[in-house]
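Single chain ahead, written as structure tokens, the form predicted on its own.
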């Protein structure tokens, strides 16, 4: 490892060893662009998310919401621009992104559970393989997190024995077991039947109340109104409007925002 590589790694370790404490935003995005071939999906996005803040991103399909979220932990590699996680520029190729991802929990539309493993073992697996926790510690934390998401009586169930909402709560427990500094939710309820959505949203509300930093892409307007500290409206790869839920929902400034909200009201 070169001296420069070691300095970048040391800077990252220093931030993470402090429990992620930082005087600046947890996530800072500067002039982010992302293109797939000739298709420009993100067009110069700037965004900061503070510690403990819940930011909800709204917008029509194809507006770049999910791509923006996936860029935060480099599941999609930006075409241009920079992303900082707790003051570390993770778009620097010298940064070990896998080390950063350990502190970024992500919940997708699909649950991505291992079908042959119980709920408990699904939550234990990454703890054992990535964080190198002992079996006893990983099991203790898995049971704690499953209890928190209301599945304390389902720990030995296989995914096929759980409803879609319960599987999504296992996925949330799995992410929380890694002690993330920020949670990313990409349409976490969109694949669920309407009667199953409430349980997942209740878990997300409880995380917000506990002070978890969250970036949430969703079409759940009630959740955005009640839980978000800030609402972002995106269209055509750019942030069109942002503000408090009251400002965006009740007093939108831009015609595109008003049109979008009018169609979903």
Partner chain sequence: MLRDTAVRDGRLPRARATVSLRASTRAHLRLPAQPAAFARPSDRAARGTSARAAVLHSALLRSAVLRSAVLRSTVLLVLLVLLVLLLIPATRAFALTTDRVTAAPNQDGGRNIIGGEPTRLTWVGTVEEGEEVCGITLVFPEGCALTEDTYVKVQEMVMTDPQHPLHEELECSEDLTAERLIITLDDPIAAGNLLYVEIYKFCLPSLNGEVSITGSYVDDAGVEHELAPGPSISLIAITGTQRLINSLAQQDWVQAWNSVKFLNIFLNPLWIVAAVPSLFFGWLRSLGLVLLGFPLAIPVGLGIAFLRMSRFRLLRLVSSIYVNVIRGTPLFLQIYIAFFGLPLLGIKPNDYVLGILVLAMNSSAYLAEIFRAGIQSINKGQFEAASSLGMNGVQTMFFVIIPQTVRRVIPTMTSEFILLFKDTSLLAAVGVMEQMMFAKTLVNTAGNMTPYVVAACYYLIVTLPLTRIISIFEKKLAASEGREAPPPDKGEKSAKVDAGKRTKRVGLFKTIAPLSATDSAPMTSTSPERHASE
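Note that this is a predicted model, so its numbers are computed, not measured. Residue numbers count along the first chain shown, from 1.
The protein also exists as the form predicted in complex with its partner chain; that form is not presented, and the subsequent description refers to it.
Annotation: in the predicted complex, residues 166, 175 and 191 each come within 4.5 Å of its partner chain through at least one heavy atom. In the predicted complex, none of the heavy atoms of residue 146 sits within 4.5 Å of a heavy atom of its partner chain. Residue contact check for residue 80: none of its heavy atoms lie within 4.5 Å of its partner chain in the predicted complex. With a 4.5 Å cutoff on heavy atoms, residue 136 does not count as touching its partner chain in the predicted complex; it lies far away. For residue 126, a non-hydrogen atom is located within 4.5 Å of its partner chain in the predicted complex, even though that partner is not displayed. Checked against its partner chain in the predicted complex, the residues 141, 106, 72, 88 give one hit for a heavy atom within 4.5 Å, which is 106. Within 4.5 angstroms of its partner chain in the predicted complex, the stretch 82-102 places a non-hydrogen atom from each of 98, 101, 102, taken in sequence order.
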